[in-house]
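Before any questions on how it binds or moves, here is one chain, the form predicted alone, in structure tokens.
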């Protein structure tokens, strides 16, 4: 049976780019819903011809990772687009996304956009210091665009950002042959209106793919499947080297003898990053075991 990559997903229909270079519209066999696994954009699959012009996905190759929001598999990089210009990106949302990426074995990359309006270097420096690849960009002046384009290469790169940060304009610079639809900023509510209705992998011309996602106004760490509080400290790379605290079960939130807290007090770890870590940790800690099981069973 032929194999291919799911490059577009809309509802229960998906487009598979096969090894012969052709695209086939497929649907998933019913067994996937029974098994609790459904093919996602980014999946490598085996498919076959069915009746008429219909094709069926038969098998999903082993995934290295996947996200539910957006529903994409085998992601190499999560590009988090932020802005210091109105509407200013919420730092908590940024840190939820960096944690989600780390949690799933995805490389987080920070892009501070619209720097022709407000200098984004102070925000960029915080995340650069935390250990993340970071870019400062402007689609109006062209600042940082060439460096970003050079960085985006093989693999599947997902771009995410709060509404109004200029993500679609940024993608139009990176993908000149594909026009990502944009809309004006709503002055009334201070956010953008995004028109993405399906998940699609765009060929970046450098051996990889770019995925656009709808703009968001707020993120819930539980909905993003951050469910294990014990793994959360490892999702903040700047904590590395400061987790050998007085107590082995230190949560790094308010405990005495916590080296992470000492690093925050000394200015080694950004205090807002740590504050957001505590917020995420407390959200996860409230979950009971049966609630985690129910969430996982709904996937």
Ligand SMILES: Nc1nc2c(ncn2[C@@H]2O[C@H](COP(=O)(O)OP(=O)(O)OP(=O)(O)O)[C@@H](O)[C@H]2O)c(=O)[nH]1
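Numbering follows the first chain given and starts at 1. Predicted model only: the values in this text are computed from it and were never measured.
Here the subject shifts to the form predicted in complex with this ligand, a form of this protein not shown in this document.
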**OP:** Answer yes if any heavy atom of residue 144 is within 4.5 Å of a heavy atom of this ligand in the predicted complex; otherwise answer no.
**Re:** no
**OP:** Would you please decide whether residue 116 lies within 4.5 angstroms of this ligand in the predicted complex, comparing each non-hydrogen atom pair?
**Re:** yes
Original post:
So in the predicted complex, does residue 140 come within 4.5 Å of this ligand, heavy atom to heavy atom?
Top reply: yes
Original post:
Are any of the heavy atoms in residue 221 no more than 4.5 Å from a heavy atom of this ligand in the predicted complex?
Top reply: no
Subject >> Partner-facing stretch of 208 to 216, 68 to 76, 89 to 97, 222 to 230, counted where any non-hydrogen atom is within 4.5 angstroms of this ligand in the predicted complex >> reply: 208 to 216
Original post:
Looking at 157, 204, 168, 134, which is the one with a non-hydrogen atom within 4.5 Å of this ligand in the predicted complex?
Top reply: 168
